[in-house]
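Before any questions on how it binds or moves, here is one chain, the form predicted alone, in structure tokens.
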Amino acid sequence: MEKSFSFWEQTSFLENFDVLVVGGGLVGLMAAYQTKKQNHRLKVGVLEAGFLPSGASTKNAGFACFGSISEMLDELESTSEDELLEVVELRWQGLRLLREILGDDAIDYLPYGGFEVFKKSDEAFAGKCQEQIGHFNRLLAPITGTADIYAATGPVFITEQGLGDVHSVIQNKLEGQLDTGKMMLNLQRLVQEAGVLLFTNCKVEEIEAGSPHHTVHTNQTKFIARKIILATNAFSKSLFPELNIIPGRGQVLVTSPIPGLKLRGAFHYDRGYYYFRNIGDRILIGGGRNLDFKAEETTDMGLTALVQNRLEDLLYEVVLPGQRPKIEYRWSGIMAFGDELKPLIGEVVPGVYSAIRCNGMGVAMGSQMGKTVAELVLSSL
């Protein structure tokens, strides 16, 4: 039975949208905020499928990172140096924009640095990456304005952090960490204060493109809008199957508080397939999709014994050798990857624009992606 709405509900909440954003995560909210900020007369709404943001925005590890050397070396095997630099710059700009708009206190940003950890069995690869420190410092200096980004740490650092089975560490001095729950909570407040309407538990089932208006069919009602912004990352393929998107599930766990915890910072391990950091005196550790890529190419939330057991092994053997803290939280989030490193920002069909495919770097590039797609839409109105 079709839902009925009052005259007041229909005219104030549901009609005459200039721009509708599908997806209430970081990219979607930033796109809505930038659209409304640059033209306050527009009626802008956000449609979020979940009770809380249902993508990765509140389920990620909270890494404020833009590129470790091993990951960039891997990326250069399938992309050009120019394209890599373009994407790294997008990540760098996105982090700066996020901090500028919300402020470091609101997102609990901590400039502890980023650290790439090499296990003892990876000594040869560690040496290869260390040889590239000078090259990547020169390469990224025009983007960051800093010539001294990466540096090799000594064995004293490994001891101070309490790490085990580690050969060496490369530091990224410009990276940090943040609280993505606080980030999204404060971004929602900012967006609503700007006058954007936010609808949760509103799952988009079909986008019916038309001219001059588009119809968005949801599980609640249908909406009409002049322009649509698609910001649902891996979930976008259900609406436009032709999109070049491969989902990737990331599994995470968090320990109980650990008295006297030494570790501080955002750490990448095994070419970035694993990552860990402190949250106060807790440890967050995640990753492991490389254990079974096909099984983790899914939009289904869930946990697997294969990945969770490996995360625990890494926690007990490398991060906290000799300790076995209680695991208090476990969850998963869905990322979007593709055949290209660059995100998909542009017009999908006339009047429908996308800002998707963050390739696991949504926290870094999401704010700039939202701004870029908002400017594309505004230029078309």
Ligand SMILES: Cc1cc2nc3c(=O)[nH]c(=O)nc-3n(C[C@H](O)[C@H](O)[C@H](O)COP(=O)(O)OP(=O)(O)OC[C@H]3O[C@@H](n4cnc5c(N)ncnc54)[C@H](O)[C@@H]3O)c2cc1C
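Residue indices: 1-based, along the sequence shown. Because the structure is predicted, anything quoted here is derived from the model rather than measured.
There is another form of this protein, the form predicted in complex with the ligand, and it is not shown here; the text below is about that form.
Visitor: Is residue 60 close to the ligand in the predicted bound form, meaning a heavy atom pair under 4.5 Å apart or at it?
Guide: Result yes; residue 60 sits at the interface with the ligand in the predicted bound form.
Visitor: Is there any non-hydrogen atom of residue 335 lying within 4.5 Å of the ligand in the predicted bound form?
Guide: Yes, residue 335 sits close enough to the ligand in the predicted bound form that at least one of its heavy atoms falls within 4.5 Å.
Visitor: Indicate whether residue 370 is a 4.5 Å heavy atom neighbour of the ligand in the predicted bound form.
Guide: No, residue 370 is distant from the partner.
Visitor: Given that the ligand is not shown alongside this chain, does residue 202 nevertheless sit within 4.5 Å of it in the predicted bound form, heavy atom to heavy atom?
Guide: The answer is yes: residue 202 has a heavy atom within 4.5 Å of the ligand.
Visitor: Looking at 252, 90, 283, 245, which has any heavy atom no more than 4.5 Å from the ligand in the predicted bound form?
Guide: Contact with the ligand in the predicted bound form is made by 252 alone.
Visitor: Based on heavy atom distances of 4.5 Å or less, which listed stretch (82-90, 149-157, 99-107, 226-234) is in contact with the ligand in the predicted bound form?
Guide: Answer to the contact question: 226-234.
Visitor: Can you name the residues of 23-59 that have a heavy atom within 4.5 Å of the ligand in the predicted bound form?
Guide: The stretch touches the partner through 23, 24, 25, 26, 27, 28, 47, 48, 49, 50, 53, 54, 55, 56, 57, 59.
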